[in-house]
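The chain below stands alone and is given in structure tokens; this is the form predicted on its own.
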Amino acid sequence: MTKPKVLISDKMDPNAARIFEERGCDVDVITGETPEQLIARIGEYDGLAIRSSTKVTQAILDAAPNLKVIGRAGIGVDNVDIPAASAKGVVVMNTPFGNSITTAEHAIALMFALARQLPEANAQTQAGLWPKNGFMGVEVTGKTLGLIGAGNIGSIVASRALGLKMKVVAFDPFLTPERAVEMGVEKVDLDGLLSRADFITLHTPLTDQTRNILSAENLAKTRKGVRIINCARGGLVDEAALKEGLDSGHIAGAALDVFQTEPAKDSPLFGTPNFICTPHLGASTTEAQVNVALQVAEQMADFLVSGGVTNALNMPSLSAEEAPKLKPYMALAEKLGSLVGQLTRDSVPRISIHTEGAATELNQKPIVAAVLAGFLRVQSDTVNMVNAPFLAKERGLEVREVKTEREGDYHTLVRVSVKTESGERSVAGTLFNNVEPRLVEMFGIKVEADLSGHMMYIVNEDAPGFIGRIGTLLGENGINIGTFNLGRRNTGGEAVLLLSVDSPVSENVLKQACELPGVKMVKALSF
């Protein structure tokens, strides 16, 4: 039997190659090639192990007829064309947890550097100025650290901060009160964090919900003298507003390891007093680079030799026999989870997945994982069906599975319910013709809709003329409606409207829709 052949195209710990060989793969280590050279070479390989230098484009995938798996030693996969890889049937893996401690420690290091103005003091001392009276720092002991994002890395930062005798407050929509107690932090809303924190550190992915979470408006809500650290993602902080805050003195200091545009070779923040920056070094320690290299080698070798799947971003953990039957159910489950996730902003301590009829005869784990992936992906850009259950457990999210073998109104049904501070909320869907996912119930209201593309969710009073008003509003803003999906509790009561539209709905259009008579809630959705 021919051994699988793997190419390591970026510099990686030498032990990665050893693991590939020990687990039954042939491996070549050829780094620093141009895209043209890689295109000429890649055709003979079954696996490609990369870090951040290699860009896996459509052209490279087209030249790789034998390629089965791409492994990214690290979290970010911006350098991989995942849709193109999926279309080619190539599995894309990453190592989402290998850099956690390193990134958390970098955030703590930057916090200390800000507190004691270490870079400036070092520069002036080495220049022979001996500025002993020129730098008056602050202690971190007894100060309040505001944590935006309390997942894997955020929880590590919290534990280190508590060891430094700091008080930690955390904002994270998915942080449950029980998990907050376990971590030793106080769960707060964003405004509460901004008004109380002496230091603010960000540990959340960049999503539509978190982009510019520290906007000019939110930075203005912070207490005077706040210090801000970002080792997570560029784009979480409005960099122009950050500079204004530093120049005015409202913000005492800021430290960025990540920028909106990278490499950041010409930022207006450069040279600003009390500003520290590093070139995306959060994962740059010897230990972290060894960990991610070993992990990606183990994952890829297991897949190529035995078919095991770990931390895949574009495929579930499935056997070949289960996949055809489960595929439409997982599509339905992920859409339902995504719908609940996009519409829920309260803390969610519990999520329940209830299957009825034919769905109960299938392997429930992929269905549950698909729901969790859809639900958590709203807040995490690295979540997938493999790591979603781990992330749910880490965040203290209780997951319940319920099966009802008898058939109800439908031959098969999947219901997703979440417990929130506002009460229990649920959505349900079925399969038409056993393959087409379809929403059939939403928060107790019967509705039939195909969840796909760009959509608007509207809750309004059931009254004549509303459909005409919303249609006119969208038309005036150049938004074409694909489908109308209506539902209501009773005549003249509360109604819901799901619209599929051909383009994203701007905040301005959402605001205009909210101002229409009878509208209670408007939300833009995407699937």
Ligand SMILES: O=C(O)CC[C@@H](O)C(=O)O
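Position 1 is the first residue in the sequence shown; the rest follow in order. Computed from a predicted structure; not experimentally measured.
Omitted here: the form predicted in complex with this ligand. The next part is about that form.
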### Query
Which one, 446 to 454, 68 to 76, 361 to 369, 128 to 136, holds residues whose non-hydrogen atoms are within 4.5 Å of this ligand in the model of the complex?
68 to 76
### Task
Look up in the model of the complex whether Ser52 has a non-hydrogen atom within 4.5 angstroms of this ligand, and give yes or no.
yes
### Query
So in the model of the complex, does Asn99 come within 4.5 Å of this ligand, heavy atom to heavy atom?
yes
### Query
Is there a non-hydrogen atom of Arg160 within 4.5 angstroms of a non-hydrogen atom of this ligand in the model of the complex?
no
### Message
Arg438 versus this ligand, in the model of the complex: is there a non-hydrogen atom within 4.5 Å?
### Response
no
### Task
Please state whether all three residues Arg233, His280 and Ala283 have a non-hydrogen atom within 4.5 angstroms of this ligand in the model of the complex.
yes
